[in-house]
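One chain comes next, on its own, written as structure tokens: the form predicted alone.
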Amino acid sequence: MNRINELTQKWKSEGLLLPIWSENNKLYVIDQRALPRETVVEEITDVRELAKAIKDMSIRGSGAIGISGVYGMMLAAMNSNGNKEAVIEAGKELKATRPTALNLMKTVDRMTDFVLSCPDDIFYEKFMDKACDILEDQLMFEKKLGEFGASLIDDGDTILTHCHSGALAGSGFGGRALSVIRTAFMKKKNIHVYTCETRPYLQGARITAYELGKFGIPHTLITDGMSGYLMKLGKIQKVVVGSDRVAANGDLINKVGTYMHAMAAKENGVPFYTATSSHTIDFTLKSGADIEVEFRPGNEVTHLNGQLITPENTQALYPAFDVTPNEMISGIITEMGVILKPYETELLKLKY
């Protein structure tokens, strides 16, 4: 059994919720759109199918999309018997799927640099080993991040999270935000989670609630507009969200609605944290104002599960992300520690 098959079997035996995995020269992806009603596993045999799965949001979340870059290039190497050009082209195709997915960009670029520098006669074996190293690193990052973040959670806290930043959005342990929450729970802290439903795809209602149930963590579903009032009532002690990208000054780019929760947290004196990987920090962005926010089709707002939920011809707008200014963020949780203000200087310590 080759190394990637061995890793897959090991991770499954540990009870990880894998969003994507490789077995016997094929990829398998959990279609997150079908959760929680059913668990649909898609078999992926070429890179075009994987690119479509990312575009269609069968696979989503910054961490999961990032490791998809590794798996996709591995698949291209397998299908082409180690042809370097095929592997590089696969990386380009994957990078074109989601313009905001910094983890994907960095991961593909890292793999591409390795392809270009590796001698032809040992390329295939060395490339597959490099890919496995990166996949193991990503899982380790989630666990380290969880340890650092759990130290911020007090016994008895009720924690608000938005969208889905969990195992299926990461490498299988807990992604970003849920790594913090899951680790705190594993440390026997008495916690409760409010998960926002997250329109229009309802990732919080469908997937975060699903994972919290799988992990046995007490939780309550709320609509996106309820968080401010619950904070005012004193029912929320911490906010922990994931991130799609963090600018050099600490501005947070995350699922649309995050900014609204951050404003409510600031108004009510509730600490607001983002859990992220150091790879998600984009030092080419001076601030969040420099980000090109992805606008997705309006019919994703007017339709739910393919059914029209508005009057005919209703126009809808869907910016997939928003920007939370750094002054609203109490700390940035990473696999290298919790970064505190001033972010402009402290984040530079993570640059490599």
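Residues carry their position along the shown sequence, with the first being 1. Here, rigid core means the biggest group of C-alpha atoms that superpose within 1.5 Å across both forms. These figures come from a predicted structure and were not determined experimentally.
One more form of this protein, predicted in complex with a further copy of the same chain, exists but is not displayed; see below.
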Taking Val256, Pro311 and Gln315 as a possible spot, do all three reach a further copy of the same chain in the predicted bound form with a heavy atom inside 4.5 Å?
-> yes
For the chain shown here without its partner, which stretch in 129-137, 196-204, 237-245, 172-180 has non-hydrogen atoms within 4.5 angstroms of a further copy of the same chain in the predicted bound form?
-> 196-204
Exercise: Pro99 in contact with a further copy of the same chain in the predicted bound form, heavy atom 4.5 Å = no
Give a yes or no for Ile88: in the predicted bound form, does one of its heavy atoms lie within 4.5 Å of a heavy atom belonging to a further copy of the same chain?
-> no
Counting only non-hydrogen atoms and a 4.5 angstroms cut-off, does Ile191 reach a further copy of the same chain in the predicted bound form?
-> no
So in the predicted bound form, does Met226 come within 4.5 Å of a further copy of the same chain, heavy atom to heavy atom?
-> yes
Selected contact from Lys144, Lys106, Lys84, Lys232, since only one has a non-hydrogen atom within 4.5 angstroms of a further copy of the same chain in the predicted bound form = Lys232
Which one, Asp56, Glu38, Glu43, Glu327, lies within 4.5 Å of a further copy of the same chain in the predicted bound form by heavy atoms?
-> Glu327
Counting only heavy atoms, which residues in 271-305 are within 4.5 Å of a further copy of the same chain in the predicted bound form?
-> Val293, Phe295, Val301, Thr302, Leu304, Asn305
Is it true that Thr302 shifts between the shown form and the other one by 2 Å or more at the Cα, once the core is aligned?
-> yes
With both forms fit on the core, has Glu43 moved 2 Å or more by CA between the shown form and the other one?
-> no
Rigid core superposition, Ala34 Cα moves 2 angstroms or more between the shown form and the other one = no
